[in-house]
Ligand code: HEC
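Listed next as structure tokens is one chain, alone, in the form predicted alone.
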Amino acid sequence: MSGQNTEKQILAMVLLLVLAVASLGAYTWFDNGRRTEARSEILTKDAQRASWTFANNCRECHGNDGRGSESDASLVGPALNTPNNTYAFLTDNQGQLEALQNDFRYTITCGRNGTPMPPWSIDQGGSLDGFKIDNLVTLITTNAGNAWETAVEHAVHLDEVTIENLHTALEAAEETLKASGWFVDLEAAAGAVARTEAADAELISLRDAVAAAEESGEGLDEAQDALAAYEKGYTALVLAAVTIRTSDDSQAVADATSSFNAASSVQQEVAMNRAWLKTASDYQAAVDNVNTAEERFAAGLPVPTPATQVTSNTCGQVSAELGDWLSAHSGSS
């Protein structure tokens, strides 16, 4: 009898052990699943945040969808949204992923010497802190949650707002042009300005002094300052001329007329023709801005045009420093 009890006890202990092992395995599986899900959620949130940062700062060069010059030759930035940049993440190659992320982190932080890629880190004169830079790295190397699609949505929204604002500016420029009574003939306006400026002896003398100083290399700053001071007076006269021709505020017109009449007849003619050129130019620029923006928007391109300034002398930009930086950050992700 006691032998049977012993066998039952042993059997019970074996069953309990099996259950314990099974429970531990189930917990481990469940815990790993929770960790994977939590990591995926964090990556998705980081990439989604980066999609907004990208749309606000990077798409002019790299395109709304991050495909850069591979999608359109007018974009000066290389493609970021590529299978190569997410391959290490998708294949769980942590070593390759870490190296790629460090490379992108350095590039965003310091820019690329000799290219339009500027340094984005606040420490290097940019506008992004380390958190936003890390988020951008996550977007580029994981595309978690299909964040590139979100970046395009943000870009479209931003461009729609920009185009709406450009239309508002065009309407304002058109109203000013109509109220002025002038017409859009930039060549005629420029010719009128040149003819009347030729009669302003003081202006011609100051310009000649600048030209002579540039040739001799002496007294250039003084000559330029004198010309700038004289031109400042013309700036006020042009504003007065525009106010006189376009404003419906009687007091503003009266004040502008008083200032305008204090100038010589030659200065009045120059200012009035410059005001015509300015008003016509502003209108034509507003028309061109709307047309260009709508053409780019229809083509799926960013409305803002790519940067052209070349980056130089940022983070040293020498291979030794790049290697040192990558080594120092090899433990980050």
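Since the structure is predicted, the reported quantities are computational estimates derived from the model, not experimental observations. Don't overthink the numbering: it's just position in the shown sequence, from 1. For the two forms, the rigid core is made up of the largest set of C-alpha atoms that agree within 1.5 Å on superposition.
Separately, the form predicted together with the ligand exists; it is not shown, and the next lines address it.
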### Task
State the residue from Gly130, Gly191, Pro116, Gly219 whose non-hydrogen atoms include one within 4.5 Å of the ligand in the model of the complex.
Pro116
### Query
Of the residues Ala88, Leu80, Ala223, Val238, which one places a heavy atom within 4.5 Å of the ligand in the model of the complex?
Leu80
### Query
Does the ligand come within 4.5 Å of any heavy atom of Ile108 in the model of the complex?
yes
#### Entry: Contact test in the model of the complex: Ala147 vs the ligand, heavy atoms, 4.5 Å
no
### Message
Residue-level contact is defined here as any heavy atom of the residue lying within 4.5 Å of the ligand in the model of the complex; does Ala151 satisfy this criterion?
### Response
no
### Query
Is the gap between Cys58 and the ligand in the model of the complex 4.5 Å or less for some heavy atom pair?
yes
### Task
Given the ligand in the model of the complex, answer whether the residues Arg112, Ile140 and Thr308 all have a heavy atom inside 4.5 Å of it.
yes
### Query
So which stretch, 248-256, 175-183, 201-209, 69-77, is the one near the ligand in the model of the complex (non-hydrogen atoms, 4.5 Å)?
69-77
### Query
So which residues in 168-185, when you check the ligand in the model of the complex, have a heavy atom no farther than 4.5 Å from it?
none
### Message
Quick check on Gly68: with the core superposed, does its CA move 2 angstroms or more between this form and the one not shown?
### Response
no
### Message
Is the shift of Ala307 between this form and the one not shown large enough to count as movement, that is, does its C-alpha move by 2 Å or more after the core is superposed?
### Response
yes
